[in-house]
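Take a look at this single chain, the form predicted alone, given in structure tokens.
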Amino acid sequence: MADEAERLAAIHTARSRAVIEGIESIDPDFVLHLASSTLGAVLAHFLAGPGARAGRTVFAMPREEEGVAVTCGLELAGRRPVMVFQDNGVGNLLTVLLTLPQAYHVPLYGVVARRGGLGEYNSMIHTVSERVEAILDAAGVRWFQLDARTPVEAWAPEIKRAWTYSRTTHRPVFTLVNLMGG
């Protein structure tokens, strides 16, 4: 049992580092986030680690939909914001996502931590998290997946490519990242 816990911890650490590297390659001047234990290492980097630097503002979104509105305002002001949150918040942001950045062609990018699946310890998470891809597809929102099928070495460049895609298409784009081992 200890070996499995160590294996999963090593996966989480490697994937979190790759997400940090990917976000840093974007060089955002604003990082908007919602606290999540799954995103702990990523958020720690930007809140109190090397990612907390002059010229970058890091702050918590009160709710996902408010984060979308603030991120759109920052985009329209010519800034480089990135949202970081958990996938069970996707349901909260649909209305504003579809009526602001999607409708008005505002590039918006978010890194979204996956929950649910094997190893999930919170039984209520599965209801939304297992359906996030279908929800985003139904809403016409572009997303990319990073999990065990993608070598961790490719994660940072894929995050940068997804951010670039949001700029090319002038639409919201999310990268769904499975930090927990799936």
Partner chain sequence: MTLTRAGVLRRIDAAFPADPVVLTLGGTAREMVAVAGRRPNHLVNLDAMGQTVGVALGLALGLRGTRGGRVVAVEGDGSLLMGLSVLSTAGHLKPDNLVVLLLDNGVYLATGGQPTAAAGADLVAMALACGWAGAREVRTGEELTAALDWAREAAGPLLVRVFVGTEQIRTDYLLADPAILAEDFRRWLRAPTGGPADV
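Please read all numbers here as calculations on a predicted model, not as lab measurements. Residue numbers count along the first chain shown, from 1.
The discussion below concerns the form predicted in complex with its partner chain, not included here.
- Of the candidate stretches 153 to 161, 59 to 67, 132 to 140, 38 to 46, only 59 to 67 has residues whose heavy atoms lie within 4.5 Å of its partner chain in the predicted bound form.
- Residue contact check for Phe30: one or more of its heavy atoms lie within 4.5 Å of its partner chain in the predicted bound form.
- Proximity of Pro107 to its partner chain in the predicted bound form falls within the 4.5 Å heavy atom cutoff.
- Put simply, Leu94 is far from its partner chain in the predicted bound form: not one heavy atom of it is within 4.5 Å.
- Contacts between 148 to 170 and its partner chain, taken as any heavy atom within 4.5 Å in the predicted bound form, involve no residue at all.
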